[in-house]
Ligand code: E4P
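Here we start with a single chain on its own, the form predicted alone, put down as structure tokens.
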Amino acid sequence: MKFFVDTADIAAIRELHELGMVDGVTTNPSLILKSGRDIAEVTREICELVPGPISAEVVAADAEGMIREGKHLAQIASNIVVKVPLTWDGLKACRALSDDGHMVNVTLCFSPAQAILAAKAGATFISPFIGRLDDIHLDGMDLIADIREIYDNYGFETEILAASIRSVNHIVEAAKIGADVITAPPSVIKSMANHVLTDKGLEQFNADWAKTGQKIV
């Protein structure tokens, strides 16, 4: 499974990248706002830091505008993935951008039917939103499982990018189902290392070591 980090925070990306925990990055207008930086400037810096796919999102609502913005974003670096919404116009833009040789991430997917259309339109990635489905009392993992089954049935090459990750459990469950990629905030990825029994065991080891009166160096 590939790990994408969902942020435009350069320091956070660098820390995870240096540990080999980042295969790519996803951004969106909200994350760009949070960074407080110019979209082209921060996206270029991310692309220089991480060689994997870097998603940059269009904001136009019509297909023509999405295509124009997508081509402009793609000029930032060769590893840019143009991110478009799963609307009819977004699918038109996906087809055009994909045919033009650009990677495309179709985002805000909430149903298997939408995922089929994105694959047919040539999407590089499909981004089903787990957490937002959970918010309305639906099981986001059911969507991941349905898309996995459908894509495997027909050999679609579009990669399943599990998004709106809220917890470590989301990551583990997506991995068990067979999502190709997860994208999560840095805090969630880092929390994967945490376990109460690890903390308890370490506390005991340290207490016992102190009783020996020894030093390693």
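Keep in mind that this is a model prediction, so the values were computed, not measured. Start at 1 with the first residue shown and count on from there.
In what follows, reference is made to the form predicted in complex with erythose-4-phosphate, a form of this protein that is not presented.
- In summary, among the residues A63, L31, M192, I177, the only one with a non-hydrogen atom within 4.5 Å of erythose-4-phosphate in the model of the complex is L31.
- Of the heavy atoms in S164, some are within 4.5 Å of erythose-4-phosphate in the model of the complex.
- Proximity of R132 to erythose-4-phosphate in the model of the complex: non-hydrogen atoms within 4.5 Å are present.
- Looking at 169 to 177, 156 to 164, 39 to 47, 64 to 72, the stretch with residues near erythose-4-phosphate in the model of the complex, meaning non-hydrogen atoms within 4.5 angstroms, turns out to be 156 to 164.
- In the model of the complex, K83 is the single residue of 74 to 103 with at least one heavy atom within 4.5 Å of erythose-4-phosphate.
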